[in-house]
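One chain comes next, on its own, written as structure tokens: the form predicted on its own.
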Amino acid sequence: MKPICTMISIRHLSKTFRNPDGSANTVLKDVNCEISKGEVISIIGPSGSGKSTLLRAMNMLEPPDSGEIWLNGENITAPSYPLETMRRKMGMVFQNFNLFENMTVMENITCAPVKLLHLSREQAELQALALLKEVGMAHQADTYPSELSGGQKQRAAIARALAMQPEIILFDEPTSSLDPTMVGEVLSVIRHLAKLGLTMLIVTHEMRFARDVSTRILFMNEGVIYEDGTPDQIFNHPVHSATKAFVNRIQKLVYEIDSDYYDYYQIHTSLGRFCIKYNIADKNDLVFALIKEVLFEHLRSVRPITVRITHAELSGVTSLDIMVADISVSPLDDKARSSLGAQVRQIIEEPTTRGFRVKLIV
């Protein structure tokens, strides 16, 4: 068995910000963590739990108030440690890309290696082209950022971080600024980097991605690391109730429909927002079509009806529940089952304590 090589040691890290009214907001509270070479660590947790601040403290963009960060045996938080040297070793990919708009993709990637690593222009461009091929962007080398999609900008930003040949890369919610249709292309690149053995810390709200790509998960809450373990431990056997509640999040929309005069435009709008927020925009049209079909074709004479859309973030399962009170048998006939069954993955029909539920897994 190969010995574990500790790359980063975080010791008693704390950070407090001052609110406009002068009150204190402590976002990191005595954080301790050891990171080994080759680990892919996803940091998850609710908004405001300190995830992004931890990454920014590690890169000294938000210097900690107390504590130390050691990188390969050197204290990078020491006042005498040169930040330029630290940032060569620890690259960072931001939410909002931070590309130079007046430079082409190639110029964005070659600028720092030429100035800081003292590569020749030819060496830097050869390296940049190889990296752009890795992220599927070689054909956009001479393009300006304003001409790129969000996903392309983020892939270019990843190539730029790799160009400095860092020992570790920090990803601060790399998909949070993207249209849902572009999230997959960026996550695919990060998955590829993980297979290459690059050491990475990733702040993410993509639970399935975190589970699939990571060797280790940190769950942060209230400024501390609540739980630290393998993906199996965190997602399937969490110790703390806060961890369990977070990873098992089920998002939902509920509509109580008592007549045909319900505002269906409002359903369409809120459903669209829901699907975009939870990265299931590809299911929006199907779910809305199913709602209309059930309400106006198969169950036209049945009112009131409760319609509920649920999405389990971890499993990725989206379902449409149609619930009718005070009945004990399914309201669907064979024709309805045949029509709906051709559009969904599964139909589940089951009695409830209040009536009957038809669940359509989409």
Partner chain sequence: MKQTVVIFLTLLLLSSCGDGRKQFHEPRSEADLSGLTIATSNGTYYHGKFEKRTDVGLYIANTETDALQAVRQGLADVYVTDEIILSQEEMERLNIKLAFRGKETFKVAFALKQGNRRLQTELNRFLAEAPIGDITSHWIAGTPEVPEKEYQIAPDAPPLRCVCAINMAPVSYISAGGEWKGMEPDILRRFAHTTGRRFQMENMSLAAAVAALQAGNCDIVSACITPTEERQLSVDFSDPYYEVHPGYFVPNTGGRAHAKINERLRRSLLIERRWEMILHGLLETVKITLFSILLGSVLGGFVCAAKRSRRRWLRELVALYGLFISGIPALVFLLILFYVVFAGTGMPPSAVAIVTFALCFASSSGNIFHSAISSVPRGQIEAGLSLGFTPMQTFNFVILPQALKKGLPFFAGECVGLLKSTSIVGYIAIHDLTHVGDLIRSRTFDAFMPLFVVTLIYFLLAWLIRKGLGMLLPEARRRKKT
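Please read all numbers here as calculations on a predicted model, not as lab measurements. Positions refer to the first chain, counted from 1.
Unshown form predicted together with its partner chain; subsequent notes refer to it.
When contacts are defined as a non-hydrogen atom within 4.5 Å, all of Met90, Phe100 and Arg160 contact its partner chain in the predicted complex. Residues with any non-hydrogen atom within 4.5 angstroms of its partner chain in the predicted complex fall in just one of 147-155, 71-79, 234-242, 108-116: 108-116. Checked against its partner chain in the predicted complex, the residues Met164, Ala141, Ile291, Leu193 give one hit for a heavy atom within 4.5 Å, which is Met164. Just one of Tyr255, Tyr226, Phe274, Phe94 comes within 4.5 Å of its partner chain in the predicted complex, counting any heavy atom, and that one is Phe94. Though the partner is left out of this view, Thr306 does not reach within 4.5 Å of its partner chain in the predicted complex, counting heavy atoms only. Contact check for Glu84: a heavy atom falls within 4.5 Å of its partner chain in the predicted complex. Residue contact with its partner chain in the predicted complex: His298 places no heavy atom within 4.5 Å of it. At the 4.5 Å threshold, heavy atoms of Ser52 stay clear of its partner chain in the predicted complex, well away from it.
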